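A single chain, nothing else alongside it, follows as structure tokens in the form predicted on its own.
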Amino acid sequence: MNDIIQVEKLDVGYDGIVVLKQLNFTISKGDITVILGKSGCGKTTILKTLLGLIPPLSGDVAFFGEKIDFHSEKVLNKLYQRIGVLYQGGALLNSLTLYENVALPIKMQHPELPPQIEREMVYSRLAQVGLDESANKYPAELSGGMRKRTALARAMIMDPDIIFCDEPSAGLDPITAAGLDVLMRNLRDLFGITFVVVTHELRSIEKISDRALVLHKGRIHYFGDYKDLFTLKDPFIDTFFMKGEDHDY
């Protein structure tokens, strides 16, 4: 099966209030799928719902061919063993070194793992993001880009099938953001990791996207190959890509 996430007739929102209605889409293995739309359209709400942080109001979500019961802690814990998350801002703990931050998922999920195996896993991931020589530094000693790369190493530490990213380029200068984009594509190409990326950074969208999910007025406005967006005669999409998110629609 090539589709590793399947979403059917999904309504999502907060406190019973629907934010996004009747969502239907699939995420294919090895793709980088970006979730797009103007500010406040519900991009992060979808991400939180898929991660089980906000229970769906109705509809179904399946991961790896199995429908998810978001009210079951056992089901969610099993799911979390196969996914990683790159949070907005990185969400590193300032009191821990880079090594200790990256090792956190190991200690939480497999505390019995021998220290030598843990060390090999952590240094392997840090090397893949170019930070193995900075393992003993603290987040406050790092640039924004280095913190994001550390957070990406932590998201990868358990060999996930899918990594969810919430605004990975936010707060980075264009050169550093471009480097992070290249890193994500390289990791996808090398390890077959599937990425689901919430972003509004148009430069990043152009460089990393295989497929795009565009939200508008509480629904999916477009879902399909990213390159096909530019063959559409669609006022909202045209304006979004020309002028960003500065308008009301």
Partner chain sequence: MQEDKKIIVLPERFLIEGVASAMNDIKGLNKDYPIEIDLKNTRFIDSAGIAFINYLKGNYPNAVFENLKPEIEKIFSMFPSHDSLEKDRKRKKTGISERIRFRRVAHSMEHGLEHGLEHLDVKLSDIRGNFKNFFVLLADEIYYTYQYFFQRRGIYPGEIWHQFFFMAYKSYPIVSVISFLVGVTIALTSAEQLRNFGADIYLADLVGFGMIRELVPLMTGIILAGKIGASITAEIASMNVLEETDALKTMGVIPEKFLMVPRLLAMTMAIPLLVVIADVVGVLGGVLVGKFFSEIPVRTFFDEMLRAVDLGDFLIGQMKTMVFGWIIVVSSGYKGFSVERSPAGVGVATTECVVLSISLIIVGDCIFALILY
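Quick caveat, the model's predicted, so the values are computed rather than measured. Residue numbers count along the first chain shown, from 1.
Missing here is the form predicted together with its partner chain; even so, the following discussion is about that form.
- Here the chain stands by itself, but in the predicted complex one stretch of 25-33, 209-217, 193-201, 45-53, 45-53, has heavy atoms within 4.5 Å of its partner chain.
- Looking at Gln128, you'd find a heavy atom of it within 4.5 angstroms of its partner chain in the predicted complex.
- Although the partner is absent here, Leu152 lies well away from its partner chain in the predicted complex, with no heavy atom inside 4.5 Å.
- Its partner chain is not shown here, and in the predicted complex it never comes within 4.5 Å of any heavy atom of His71.
- The closest heavy atom approach of Ser95 to its partner chain in the predicted complex falls within 4.5 Å.
- Scanning Leu104, Ala178, Ala170, Val75 against its partner chain in the predicted complex with a 4.5 Å heavy atom cut-off leaves one residue, Leu104.
- Each of Gln88, Arg119 and Asp159 comes within 4.5 Å of its partner chain in the predicted complex, counting any heavy atom.
- In the predicted complex, His110, Pro111, Glu112, Leu113, Pro114, Gln116, Ile117, Arg119, Glu120, Met121, Tyr123, Ser124 are the residues of 110-124 with at least one heavy atom within 4.5 Å of its partner chain, listed from first to last.
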